[in-house]
Structures are given as structure tokens and as C-alpha cells.
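Heads up, the chain below is alone and in the form predicted alone; it's given as C-alpha cells.
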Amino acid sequence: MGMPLGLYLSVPFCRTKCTYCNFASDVFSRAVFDRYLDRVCADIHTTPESAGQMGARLERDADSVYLGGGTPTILDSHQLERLFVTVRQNFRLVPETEITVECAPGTLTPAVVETLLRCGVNRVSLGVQSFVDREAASVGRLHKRETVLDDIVRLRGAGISNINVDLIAGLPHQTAESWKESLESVIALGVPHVSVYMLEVDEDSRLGRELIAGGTKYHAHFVPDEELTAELYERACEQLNCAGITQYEISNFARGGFESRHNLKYWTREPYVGFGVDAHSMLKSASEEFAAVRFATADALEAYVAGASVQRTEVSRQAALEETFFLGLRLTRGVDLEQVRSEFGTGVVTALGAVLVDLASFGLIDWEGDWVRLTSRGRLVSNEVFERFLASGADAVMR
């Protein structure tokens, strides 16, 4: 039997569009919900045929299911159940499968919680972003601090204690003192998993565009500078680790045994299949010529529902090597060079020796025996480190 799959289901519907959001999610009329689910469920049913057309090998066993978005809990009970029933009809969920649903605080009504339990959900990820009401409101979040506290009490009372809380460093009006308040709040709650992201500034969000333009809409002129945002992230790493919520990936922290099984699949290059708008998949290639096949759906709702073609990318051994480093280095444990030798050959590690020495000399990586990992400084400039590996490993596989 091969490696169990991770299954991702995209639900791109929101009550409101947060100003920092650069995902393919938005506010849509409920009239489109059923049409969208028709397409998603059809895709799930035809997965074997689709994988074959993509030149990929498909396993039918899965050990993680993740409903993301968007806000999946904006769907009604019947719609949520339809998704889970369709998944179980087409895949074998192994015992102890991790089943996660992303939720916006304030959407967890008693009826929704009951539906999650009925569907076998055992993990919930709450998009809190900040425990300071002013900061949350400034980016379009509809909840207050008390809403989050009530939701966690309700989830635990229903038997769902595996809870993640998302926080963002760099929100408008955020200060070192207010960030301390958010960190102390999440630690006091005793949740087993916390994700900490630094605010992304790009053209794909309203707040990002306003920051780039130097404007004042969306409270852009109250966004902390890059230096302070980096300091807030470093403080989160320090405080969460001290509290026993240990960093295991650049943005993720967990108590022992509560690491996200689903997200680990992305970083360790295990197979996964995504369904819905802007959903990505990676499966082993059916051809010995390639290491894997990646494919992605349309990133616009109407195009996806209308049946837009899927974008397919063959992953060469060279590309797989690059992914091994720039995904593996996101993990605190780093990359096992012995495993790299086993998969790609001894010559590859030899060819990368110079860049490893160079990065270690600048204090960006730790290189101990067969393990390479980012330092705390390296995490802050991780994209630059990854680029060095890509440049240096461009022809390593061919040597």
C-alpha cells in the first residue's frame, strides 16, 4: 500500500472579505453555493479518471481531510454533510484520520457544531488573527475577543479539543504591547496549536495594494513597519516555545502530538488532492521519467463552476530536489541529507556543499551531520535562503 493521501476541499465563501486576504475567496450569493458543490462533488467522484488523465498514480486511502476557504461553516448543515458523504463514498478514511474545518469566530452555532460532530470533524482551525478588538475590526473581522472565548468553550464542550488559532503579526494599529496581549491570550486558552503569520504585502489584497501605493485606506497608515513586524514574529516564537507550544514549522507551533498532519504533507512532499476553486494537488507520476505531477484548478469561481481546464505541471527530479529543500527547510527539524542522498544520489549533496557552507557562515542555517535547518535569523529571510538553494541546485541532479 502506498502513502495515504491528504484531501483538501476549498470552500471560497465568506461573510465579508478581510482587507489583508489574498486567497481566492469572497462574498457570494447563496444562490451559487449548490452549483459550486455540484461541481466539487462531481470532481470527487471522477478523481480516478482525472488522475489517470494527468498521468498520476492515485491511492484511495486518506488520513487527513481539510475544509478550508473561505469560511466552510457558512454552508448549511445539509451542504456540509454532502461534502463529507461524497468524500467517504470515494476514499477510504483510515482510523484516526485528522479531519479539520476552518471556522470564522462567530459562525459556530449549536447547529453547526452538531453537524461537524456528525461528519466526524475532530479538529477546528479558528481564524482569530488578533485578540484585540480594534485590530480585528480594522481588517474587516466581524468577531470580538469574547466571541472567540465562547467558541472555544462550545467546541470543548462538544468534545473537540484539537483547536488551532491563527494570529497575524503586522495588522493595523498593532503594537508590541497589543501583540503581547494576543500572545498571552492564546497561551492562557491552552489550545494545542497556534499559527503565526506575518502580514503579506502584495497586489493580491486590498490592504496590500494600499500599502504599496502609500495610501491611507483600510487603516494602511497604521500598519507596523517591517522591522517591528519581524520583532513581533520573533517574540511569538520565543513566548510560544517557552509556553510549551513548540515551533515545528516557520508559521506553526504545537504541543507534542498536535502538529497538523495535513499541512505536514505539503512540507514533506506527501501526496494530496485538492477539490474546488484554486485547489492544488500533487501525486506520484505514473511515468518513471518524472518524480510527481502537480495540477491546479481555476482560481475564479465562475470559471471553475463552468468547467475550466485544470493546469498540469510535471515535476522533474531536479524540481523535486528543489522542493525538498525549500519545503523541508520550513520545518524546524530541517532536511535530512541522508534521505536526499537516498532519493537523488550522493552527488547531489556533494554539489550543494558550497552553498551549505556559505549559508552556514552567514548564520542562516545550522548544518549538523546529515541535518540542515534554518536558524532563527534564517527564518526571517527564508525566501532568500530558498532562492540560494534553487540557484545552486539548478543542475545538481544532472551531475
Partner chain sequence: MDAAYIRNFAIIAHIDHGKSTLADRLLELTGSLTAREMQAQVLDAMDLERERGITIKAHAVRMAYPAHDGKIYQLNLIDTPGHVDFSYEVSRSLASCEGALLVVDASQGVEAQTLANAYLAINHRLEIIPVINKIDLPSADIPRVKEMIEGAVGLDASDACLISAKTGQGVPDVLEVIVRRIPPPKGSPQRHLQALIFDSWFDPYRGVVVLARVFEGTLKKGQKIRLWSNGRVFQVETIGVLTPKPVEIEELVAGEVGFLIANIKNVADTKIGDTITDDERPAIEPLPGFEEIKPMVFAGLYTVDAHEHTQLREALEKLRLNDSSFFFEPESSVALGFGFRCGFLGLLHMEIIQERLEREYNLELITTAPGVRYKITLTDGSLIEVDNPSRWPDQSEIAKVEEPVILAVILTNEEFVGGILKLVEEKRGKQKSFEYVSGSRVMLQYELPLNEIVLDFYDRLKSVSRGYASLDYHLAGYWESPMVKLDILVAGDPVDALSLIVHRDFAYERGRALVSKMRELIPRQMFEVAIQAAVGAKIISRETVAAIRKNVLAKCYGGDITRKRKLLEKQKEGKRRMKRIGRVDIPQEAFLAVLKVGENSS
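Source: prediction; values computed, not measured. Numbering follows the first chain given and starts at 1.
One more form of this protein should be noted, the form predicted in complex with the partner chain, which is absent from this view; the next part is about it.
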property: Site check 45, 87 and 286: each within 4.5 Å of the partner chain in the predicted bound form by heavy atom; result: no
property: Listed residue that, although the partner chain is not shown, lies within 4.5 Å of it in the predicted bound form (heavy atoms), from 151, 270, 322, 210; result: 322
property: The partner chain: the contacting residue among 177, 146, 96, 202 in the predicted bound form [heavy atom, 4.5 Å]; result: 202
property: Contact test in the predicted bound form: residue 382 vs the partner chain, heavy atoms, 4.5 Å; result: yes
property: Non-hydrogen atom contact residue 377 with the partner chain in the predicted bound form at 4.5 angstroms; result: yes
property: Touches the partner chain in the predicted bound form: residue 162 (any heavy atom, 4.5 Å); result: no
property: In the predicted bound form, residue 371 touching the partner chain (heavy atom, 4.5 Å); result: no
property: Candidate stretches 302-310, 248-256, 182-190, 105-113, one within 4.5 Å of the partner chain in the predicted bound form by heavy atom; result: 248-256
property: Sequence-ordered residues of 222-257 touching the partner chain in the predicted bound form, heavy atom within 4.5 Å; result: 226, 227, 229, 230, 231, 234, 250, 251
